[in-house]
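Before any questions on binding or motion, here is one chain by itself as structure tokens, the form predicted alone.
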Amino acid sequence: MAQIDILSLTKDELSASVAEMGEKSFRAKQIYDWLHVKKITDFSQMSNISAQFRDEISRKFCLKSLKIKKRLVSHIDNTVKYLYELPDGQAIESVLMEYKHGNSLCISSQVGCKMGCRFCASTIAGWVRNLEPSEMLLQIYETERDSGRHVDSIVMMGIGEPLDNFDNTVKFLEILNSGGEGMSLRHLSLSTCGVVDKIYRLAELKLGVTLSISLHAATDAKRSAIMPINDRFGLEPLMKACDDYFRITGRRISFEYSLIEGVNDTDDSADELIKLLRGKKCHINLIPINEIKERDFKKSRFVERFQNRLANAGLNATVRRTLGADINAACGQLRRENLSADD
């Protein structure tokens, strides 16, 4: 019988498994603390559990780990980019960023991506599989172990579309938020290109997660040209879903807008964005696009002008601070280079 991925179990699931083994309920709490508070890497480290029971645990469960395949450290701002190898040999990326308010970790939710956004390196090699909850958690645990820095907040903006891996993402959030040193989900931001039906499912759970919408254009024609998801979920249903998410959860939406030279950075594009978002409780995060060799998109020269036009119209818009510029810290680039090297 295949071993159970113990790090992917919620508290209730672990308690049920331990009860099936004939052990008392307090054992489940002990194990959970070892896994998610002390963050052990081997069952033998559970010193307050008998050797006999540890042997039983090791037969029934597996304890996954990630291997650091490559680590890049920025000499500009201490950003650290990790290429992690998964147990099956696939690779994902995580990026540790240092801010005044603490350390933030950008994690991946899939190996590759199905969404096909034309400016993104993550989608070029296609989608391979979803990440398990354990593989999302381990990006945090391994990064803390290696860097010696505590992760204070999480952004699900790495490789993959979190809402396309909905069940595993929600389970990851539940485990992350549970007991011990669990992280408040108000310190987590989930980025989506706009999977409308899953936005509603997430809203109904009322987890307190900040939703970041990868918008990047304010008309259906422009957005569909760079984001295929818009052909499935256009701007009208997407904006309604955002309004409903705010109404249900009380959490302000953040809109991500990557500025591409000659594509979405003109005064007309700014005016279209103003028309779309005026009056909404939201924040606009303007992002100087990361140029990738497989695409001919260029970074806009008019970021400040675009921001000022939005601000003059009363919209809250800031320019994302560029971190890790000397190590190509944008998601997907390191994995793409690794795949090319393996070919």
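None of these values were measured; they are calculated from a predicted model. Sequential numbering from 1, following the sequence displayed.
Just so you know, the form predicted in complex with a small molecule exists too; it's not on screen, but the next bit is about it.
*Asks:* If we take heavy atoms and a 4.5 Å cut-off, which stretch out of 246-254, 76-84, 119-127, 89-97 is in contact with the small molecule in the predicted complex?
*Replies:* It is 119-127 that comes within 4.5 Å of the partner.
*Asks:* Taking the small molecule in the predicted complex as the reference, which of 209, 273, 131, 193 has a non-hydrogen atom within 4.5 Å?
*Replies:* It is 193.
*Asks:* Can you check whether residue 214 is within 4.5 Å of the small molecule in the predicted complex, heavy atom basis?
*Replies:* Looking in the predicted complex, residue contacts with the small molecule include residue 214, since a heavy atom lies within 4.5 Å.
*Asks:* Within 4.5 Å, heavy atoms only: does residue 156 come near the small molecule in the predicted complex?
*Replies:* Judged by the heavy-atom cut-off of 4.5 Å, residue 156 is in contact with the small molecule in the predicted complex.
*Asks:* Taking the small molecule as it sits in the predicted complex, is residue 161 in contact with it (heavy atom to heavy atom, 4.5 Å or less)?
*Replies:* Yes, residue 161 sits close enough to the small molecule in the predicted complex that at least one of its heavy atoms falls within 4.5 Å.
*Asks:* Looking at the partner-bound form in the predicted complex, is residue 46 within 4.5 Å of the small molecule by any heavy atom?
*Replies:* Because no heavy atom of residue 46 falls inside 4.5 Å of the small molecule in the predicted complex, the answer is no.
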